[in-house]
Each structure stands twice: as C-alpha cells, then as structure tokens.
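Just the one chain here, the form predicted alone, laid out as structure tokens.
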Amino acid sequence: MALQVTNPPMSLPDFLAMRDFIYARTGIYFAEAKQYFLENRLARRLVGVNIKTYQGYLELLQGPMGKEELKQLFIEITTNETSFWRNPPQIEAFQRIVLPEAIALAKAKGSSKLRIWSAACSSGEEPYTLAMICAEAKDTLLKGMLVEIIATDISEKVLAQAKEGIYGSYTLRNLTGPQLKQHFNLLSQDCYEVKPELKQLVSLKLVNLVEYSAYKALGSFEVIFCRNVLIYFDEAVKIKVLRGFHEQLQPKGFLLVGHSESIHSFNIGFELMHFTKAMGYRKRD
C-alpha cells in the first residue's frame, strides 16, 4: 500500500510572499495568525496542479499560466456563506425605508430607473432577495419605474451559480411559503429555481473590487450593498473601496454594509443611519 504524500508545511517566508501576492491581486489581507488557514486552503491547490511547494505554486501564479489558476485561488480563499433574506432587520429596513427614499431620489433627478449594486454578490442570494422586494413593489412604489440590479463578484464559479439560480432549502430558510411560490419554481423536494422574471432584474458581472477603475463602467447607483466583505480588507483598501462607492452613488444615495462592519471612523462622506436593529450609511451632499 502506497503512503500518502503530503505537502511540506508552509514556511513563514512562503506565507509572507503568498500573502503579499494575494493582497496585491484582491485586497484581501491575511494577518500572520491566519497562516494555518491559508496553508490549509492552498494545500488543495498544490495537489490539484501537482506542485510540491508553496514557492512553486506562487511561481505558477506569477507565470504565463497564472491567470487561469488565479480563478481557482479566488475560490479557495473567499468565503461564500450566504442566504436569502440574510440579516432580516437590514433587509426589512431596505424594504421599508431605503427603497422608497431611493425611488424618490431617482424621480427627483428625472429618472425612471432605479439602480442597485450588489457588490461581492457571491452565488446570488443577495441580489435575488433585492429583486424579490422590487418585484413585489412593481405595481405600487415602483409603478412606472424600471429596476436594474448589478451583481458583481470576483469569482467566476459563484457567478455561474447565480446565473443558474438554483438553490436548496437551507439557503432559502428565511423565506415564507408565499415568497417561495411567487418567486421560485419547485424542481424537486429540496431544489428551487429562481423564476425568469426575477432573473431579468439582475445583471451579473465579473468585478474585482480592488480594480477601482472598473467601478465607473458600472455607472451610478441609488443604493449599493457591500455586506461582509470589508472585514477582509485592511484600512488602505477599505478607504479606496469606500471612495469608489462614494463616487458611484447618487447624491444622498445609500450604502449598506455588513452588520459587524463600521465605516464611521473613515469619515469619507457618509453619514450613519440607524434603523430598527440595523444600520446603514447615506452619502452626504
């Protein structure tokens, strides 16, 4: 019986070199306490590409074949835990407060289109949640208005999942029976597909949030969602990302971040808004 071959442990120099490479490409920063996490995630890729050392893997990433392997690296180092109606108090604040005010902003500038950006949208649960809310308001608040939800992520894999729009009951656990019936087709006992009319509201795009020049190509928005992403960035990248969001928001537009993420200390043109059991930010004039 052959013995299983294991990769050597990641040395500190290997970790620092890989950490710096990932930071430059993604803005995600791994502190030294995260060395074991990174080693564990990358060990799978070393096996996948049949490379024995972390230095060799880094050389692959930096070489002519690196662009394709970089896609796999993104999959390994990003966390895609999400669900529909995640953090219900914040989603309900969007539904009750942010959405009506965002519609008023769009109408005030003479536009018949409401634009929302779901940044780092993962496998689509967030943008489709927003699309559900907008679809339910199409004959009331949004009567006579078009809705465009731009959903972006760094990972082609999760964007492909979002495009497919098929989900199991666990990620749908926060939805009611009527919501499931209205917005999904039942494919099997534990398999639901987003209905075509909901998919039409969402445009999926591959965007790396540290490629700041890509923001302008997306256009301007009344609302930007970027939840549970800023925690992976250091202060320098956070400031650049937030400045980019600020530039792409319409005056008095809304930015909604994760419930554990505060941007108040950066003081770069947003004011804090308190909702019931939730918070958000609004672009200052």
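Counting begins at 1, following the sequence as shown. As the structure is a computational prediction, the values presented were derived from the model and not from experiment.
Just so it is clear, the following notes concern the form predicted in complex with a small molecule, a form of the same protein that is not shown.
- Contact with the small molecule in the predicted bound form, defined as a heavy atom within 4.5 Å, is made by none of 102, 137 and 222.
- The partner is absent here, but in the predicted bound form a heavy atom of 210, alone among 172, 198, 210, 141, sits within 4.5 Å of the small molecule.
- Screening 179, 78, 111, 72 for any heavy atom within 4.5 Å of the small molecule in the predicted bound form leaves a single hit, 78.
- The stretch among 222-230, 247-255, 57-65, 31-39 whose residues place heavy atoms within 4.5 Å of the small molecule in the predicted bound form is 222-230.
- Although the partner is absent from this view, residue 154 contacts the small molecule in the predicted bound form, with a non-hydrogen atom inside 4.5 angstroms.
- Taking the partner from the other structure, the small molecule in the predicted bound form has no heavy atom within 4.5 Å of any heavy atom of residue 163.
- The small molecule in the predicted bound form comes within 4.5 Å of no heavy atom belonging to residue 95.
- Looking at residue 120, you'd find a heavy atom of it within 4.5 angstroms of the small molecule in the predicted bound form.
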